[in-house]
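Quick heads-up: it's one chain on its own, the form predicted on its own, in structure tokens.
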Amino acid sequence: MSVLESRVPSLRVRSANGAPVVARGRYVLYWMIAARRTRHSFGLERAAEWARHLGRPLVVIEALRAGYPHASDRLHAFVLDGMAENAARLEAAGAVAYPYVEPDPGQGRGLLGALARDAAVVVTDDYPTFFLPRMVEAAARAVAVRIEVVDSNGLLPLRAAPKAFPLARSFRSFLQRELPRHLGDAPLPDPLRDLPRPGAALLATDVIARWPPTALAALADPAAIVRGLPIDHAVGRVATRGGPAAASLAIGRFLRDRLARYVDLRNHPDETATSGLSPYLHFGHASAHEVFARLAAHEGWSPLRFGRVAAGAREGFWGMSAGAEAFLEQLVTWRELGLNHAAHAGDDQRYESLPPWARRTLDAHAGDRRPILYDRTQLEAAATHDPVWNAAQTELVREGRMHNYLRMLWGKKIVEWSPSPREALATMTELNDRLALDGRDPSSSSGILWCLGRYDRAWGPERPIFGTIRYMSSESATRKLRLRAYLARHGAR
């Protein structure tokens, strides 16, 4: 068999099991688990390359488990919006779409292995957190053909970094040295061209009978699907729709209507100046490469505009407008810092993963008197004395999101109102992962652990409860931020 000629960077591809490619296999199987899109995806591009190289049809399975942590109407519906769109586009391009919505926890077990029996090679997504790494490892042990794992997470390949970076500045300095050489290696906007056409009865009938694919007509009505599933119905659907098309519209809206105001107004909850892209990036409906490409086109940017700045400087590196530079600090530096930690230090949200200085100061003040304590039920219900915090929590409950600045304040107050920093971490993680569309993600985990000192430094003066952990107050936020309309929208009814 000839060697596959691939435009996917080798640094983004690894074999999970060392098994061979089976040239006589009936199809190439792409297991879509993190990059849930059909454009700007290195994983799907690699699978399509194998299909063309081997002259075999491409089969794409996108499954949605019933038993993943915090499975709910909210999260399921958002994913289902994308599944319907992906299946339709795959079929139109000549691939075989296999959308599968698990009816009960565990019923989908064995489906991947059954499909892999007739596959020449399996390609899947490299995602460094949640249950996905364990799931891929288990599949690698059970499947007899090669499983390739492909990194489509960010602009910087995960394996380009040698270690987990402890601070944003040190990671930013590394990015400024390393990233320019990788920016030209972007995934194709459309990787599905010229696919070999599938023949009749490509998939084994016993597989389809045991694990029936979800019909496209059914996927068009996520509300009907989620009603019949054993998931958390108390966390209801929100107005924000999922899927790559919705993600593309959100990117365009941000560039057109918000980017020019981003640097000055993004921290003011009354203003609508944040990107709103984090749920789409989390579920893989949007690619960081697509966002960057569209931003660069909007700015008329080329690599010739890279600036010469002091190592690790926040501004001036990209040679873009102030709004674009500020946005890229979030999209690239902070988002990929979280991915870097997950990839190189493990999916570690434990209290023990905090920097030693942070643990020392928090532990020294763990016995401090807490003048106000709220339990998790009170916090989830937004039943505190603090109207700013209550509004932020109400936004999270009702809309599955929280204003970026207030999310930091939200976490700091949970630290203040919890019996211990360990309990604060558990409460923040539970509320965020259960309610937020962008929960269960390295970026939101980074934000939670930042509230306890990760990626930060000691701040004075030393305070009760916090020690030298950075302190934030609702009083200060009220003085600095435009909040009147936000409080009217999300405050007490």
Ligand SMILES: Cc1cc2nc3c(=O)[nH]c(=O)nc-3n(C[C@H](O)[C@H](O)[C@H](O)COP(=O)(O)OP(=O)(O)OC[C@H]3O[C@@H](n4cnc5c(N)ncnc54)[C@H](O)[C@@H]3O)c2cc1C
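Not measured: the values here are computed from a predicted model. One rule holds for the numbers: they count along the sequence shown, beginning at 1.
One more form of this protein should be noted, the form predicted together with this ligand, which is absent from this view; the next part is about it.
**Student:** If we define contact as a non-hydrogen atom of the residue within 4.5 angstroms of the partner, is F131 a contact of this ligand in the model of the complex?
**Tutor:** No - in the model of the complex, heavy atoms of F131 and this ligand never come within 4.5 Å of each other.
**Student:** Whether L277 contacts this ligand in the model of the complex should be assessed with a 4.5 Å heavy atom distance threshold; does it?
**Tutor:** Yes.
**Student:** Just to confirm, R172 within 4.5 Å of this ligand in the model of the complex by heavy atoms?
**Tutor:** Close contact is absent here: in the model of the complex, R172 is far from this ligand, nothing within 4.5 Å, heavy atoms only.
**Student:** Report yes if any heavy atom of L54 sits within 4.5 Å of a heavy atom of this ligand in the model of the complex; otherwise report no.
**Tutor:** No.
**Student:** Please tell me whether the candidate spot formed by Y262, L281 and N404 is one where all three residues come within 4.5 Å of this ligand in the model of the complex (heavy atoms).
**Tutor:** All three within 4.5 Å in the model of the complex.
**Student:** Which one of V145, L183, L229, M408 is close to this ligand in the model of the complex, taking close to mean a heavy atom within 4.5 Å?
**Tutor:** Here the answer is residue option M408.
**Student:** Just to be sure I understand the contacts: of K413, H76, H289, R266, which is the one whose heavy atoms reach within 4.5 angstroms of this ligand in the model of the complex?
**Tutor:** The option sitting close enough to the partner is R266.
**Student:** Sort through 268-276, 218-226, 80-88, 116-124 and report the only stretch with a non-hydrogen atom within 4.5 Å of this ligand in the model of the complex.
**Tutor:** Residues of 268-276 come within 4.5 Å of the partner.
**Student:** Using a 4.5 Å cut-off on heavy atoms, what residues in 310-327 are near this ligand in the model of the complex?
**Tutor:** Contacts from 310-327: just F327.
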